[in-house]
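Read the single chain below, which is given as structure tokens and is the form predicted on its own.
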Amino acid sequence: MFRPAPTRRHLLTAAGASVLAAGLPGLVRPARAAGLAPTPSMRGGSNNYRPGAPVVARIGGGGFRMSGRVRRAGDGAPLEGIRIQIWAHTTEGHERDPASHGATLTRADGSFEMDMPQIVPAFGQPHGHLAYDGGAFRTVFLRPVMRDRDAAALSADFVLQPA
């Protein structure tokens, strides 16, 4: 009986099947994405930004909760001690007002939160502004819009790319 000479494809297929049959998980890995993609800056996110806003316990009288989580691009690891600046047009002031700006630091799990006055519509949309500008990672500005103008909270997450 005639058997054609094996081609490179036959040899690679046979070798791959042997490895899978042997159960060597470290040698063959499924294709997967490069990891968690970084958060891009949003259009309008840097409007009325004030570099160096102080870390504060809350902005104004409070009553509204801004929160989120910060992770590293690629592996998604939570980032602790990251300074996130927050500002908005609120019941107590415009987003240009220095008193409407404050910063907070992330906890060990990457989470952050800031109590601030109720956000109200500016230019027809109730929205907040958040920024990371610490230097170790690329700067990101976010401008999330609230789904409901009467909501008492808004959340925005960051995935930071090392600088």
Partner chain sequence: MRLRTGLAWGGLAAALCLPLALATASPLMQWRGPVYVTGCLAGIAALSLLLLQPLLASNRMPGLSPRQARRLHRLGGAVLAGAVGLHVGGLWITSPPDMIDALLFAAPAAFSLWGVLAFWLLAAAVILAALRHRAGLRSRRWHSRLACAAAGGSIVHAMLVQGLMEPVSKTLLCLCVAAAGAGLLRRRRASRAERPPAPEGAGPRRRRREP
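Quick caveat: nothing in here was measured; it's all calculated off a predicted structure. Numbering follows the first chain given and starts at 1.
What comes next is about the form predicted in complex with the partner chain, which is not displayed.
With the partner chain omitted here, the record of contacts in the predicted complex names 116-124 of 102-110, 116-124, 64-72, 50-58, defined by a heavy atom within 4.5 Å. Not displayed here, the partner chain is kept clear of Asp133 by more than 4.5 Å at the level of heavy atoms in the predicted complex. Under a 4.5 angstroms non-hydrogen atom cutoff, the partner chain in the predicted complex has Gly44 among its neighbouring residues. In the predicted complex, the partner chain sits within 4.5 Å of a heavy atom of Thr90.
Taking the partner chain as positioned in the predicted complex, none of the residues of 53-72 brings a heavy atom within 4.5 Å of it.
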